[in-house]
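A single chain comes next, written as structure tokens; it is the form predicted alone.
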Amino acid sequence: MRPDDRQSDRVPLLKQRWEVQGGNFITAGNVSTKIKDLLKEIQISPDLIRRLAICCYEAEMNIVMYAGKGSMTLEIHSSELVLIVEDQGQGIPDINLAMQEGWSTATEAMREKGFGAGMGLPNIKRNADKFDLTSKLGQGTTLRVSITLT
């Protein structure tokens, strides 16, 4: 690989951003479906679509459950798919604890809807090749995952 090849991969071939409304369980999952449909349309491998779709859905549900609003940005590069999720929520007080399977701060109402098993962030990390999660209390959370194109 030439040095300028790495530089050119920093600029995405395609970039699209969607807004996600916190607290709206009726439209929850719509953005994830749009991303999945886009990846199918451009003929990304079904296995890679499945992995990114899991990351998208889990991240979108976290916005719906815990943030007032957020956004999901998909970047398609020549060597990877990148998902950037940003929310304006309460933030995560303890990321290490939040990464433990089964740990959840879901309310009883969320659990009654079938959510809050505490598998969201671990599922995202398991399906991503790269995983970066940062959060500031009272300001929100940023998640960046990437999946290498093979």
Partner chain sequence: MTMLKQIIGSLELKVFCCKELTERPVVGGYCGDLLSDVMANTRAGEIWITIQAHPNIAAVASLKELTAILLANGREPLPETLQKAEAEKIPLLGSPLSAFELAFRLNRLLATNANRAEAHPS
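Numbering follows the first chain given and starts at 1. All values reported here derive from a predicted model rather than from experimental measurement.
Keep in mind that the form predicted together with the partner chain is not shown, yet the notes after this line are about it.
- Taking the partner from the other structure, the partner chain in the predicted complex has no heavy atom within 4.5 Å of any heavy atom of Thr105.
- Remark: Met61 counts among the residues lining the partner chain in the predicted complex, judged by a heavy atom distance of 4.5 Å or less.
- Contact annotation: Gly114 falls within 4.5 Å of the partner chain in the predicted complex, judged by heavy atom distances.
- In the predicted complex, the partner chain sits beyond 4.5 Å of every heavy atom of Gly70.
- Although the partner is absent from the chain shown here, Asn30, Gly120 and Asn123 each have a heavy atom within 4.5 Å of the partner chain in the predicted complex.
- Contacts with the partner chain in the predicted complex, taken as any heavy atom within 4.5 Å, map within 51-78 to Ala53, Ile54, Tyr57, Glu58, Met61.
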